[in-house]
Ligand SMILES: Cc1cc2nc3c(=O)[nH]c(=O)nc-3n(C[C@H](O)[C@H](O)[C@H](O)COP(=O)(O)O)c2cc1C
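Only one chain comes next, encoded as structure tokens, the form predicted on its own.
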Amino acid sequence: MLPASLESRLRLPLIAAPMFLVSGPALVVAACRAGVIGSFPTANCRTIAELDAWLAEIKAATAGAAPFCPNLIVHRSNPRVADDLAAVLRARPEMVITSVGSPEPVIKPLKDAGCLVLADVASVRHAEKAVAAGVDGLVLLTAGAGGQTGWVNPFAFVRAVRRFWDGIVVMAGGMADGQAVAAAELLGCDLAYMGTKFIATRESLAKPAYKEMLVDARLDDVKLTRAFTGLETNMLRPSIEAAGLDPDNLPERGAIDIAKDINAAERERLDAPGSRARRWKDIWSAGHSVSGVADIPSVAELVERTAAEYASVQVVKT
């Protein structure tokens, strides 16, 4: 169950999911002001100074609105975990999401600072370990999630977790509209993640071509692969083809290396004119909800539509 002080500021039980190289201050602030939780990976900032600036900007712009929620990538290959954690602690957000690893090393300092700690999990075993570590909530990565994804059917996953966990549960994957959010809630979730549809908003950091590709894409255009991150990820087949690769003949990347993905000098080199296509920057992710993307609205417009869809289901239920 969500704390009453948090729930009272939400128009919808929804998190605008943290998306690598997509979620920035404009998207987060717009989401919070529209009445949903705005989140972003701290790795989207190239330096700790930039992260401090983002956190200060977002905190000032969302006072009294729905909470904002930084996402810490806690994998052992991420050399910035300690510094990013320190920046988050300076900002003292109400909520933090941990992903790609055990939340245990960061839980105590975050909870001592008064943060709710949610952890991404992709299996019942991972959920049990996160609960044992002391998290406040679980983000269930189901088979429909974009980017890093899970393999479990959401109906089975939620019910399996609810057998041993009465804390916060968030469903990630396949949130194409307000009806899906209502279905997640009815199933036993407190919140839902919506990612893909927020990529195709005017405030996101995604390239215009990425947003247009989402509008044109169908569910069959989502490709599950380990080729780009070392983890199972859902990526857009058309973006893989545009990079000159065969989506059906991709090598596996091998070990996860967060340091390479977030290294500032490497990003600048690959951003230079004439550089080769790379994952996330040119080869783009999408979840199973991609078929629900029909245009490129503002965040406020997207939330308004989703709220109307959600409300229509509530009327039917009563």
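In this text, residue numbers run from 1 along the sequence as written. Remember, it's a predicted structure, so these values are computed and weren't measured experimentally.
What comes next is about the form predicted together with the ligand, which does not appear here.
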query	finding
Proximity to the ligand in the predicted complex, single hit among Val181, Ala130, Val96, Ile199 (heavy atom within 4.5 Å)	Ile199
Whether Pro18, Asn71 and Tyr193 all lie within 4.5 angstroms of the ligand in the predicted complex by heavy atom	yes
Proximity to the ligand in the predicted complex (heavy atom, within 4.5 Å), stretch among 172-180, 88-96, 106-114, 121-129	172-180
4.5 Å heavy atom contact, Gly38 and the ligand in the predicted complex	no
Leu141, heavy atom within 4.5 angstroms of the ligand in the predicted complex	yes
Any non-hydrogen atom of Val22 within 4.5 angstroms of the ligand in the predicted complex	yes
Distance check, Ser289 to the ligand in the predicted complex, heavy atom within 4.5 Å	yes
Sequence-ordered residues of 140-169 touching the ligand in the predicted complex, heavy atom within 4.5 Å	Leu141, Gly144, Ala145, Gly146, Gly147
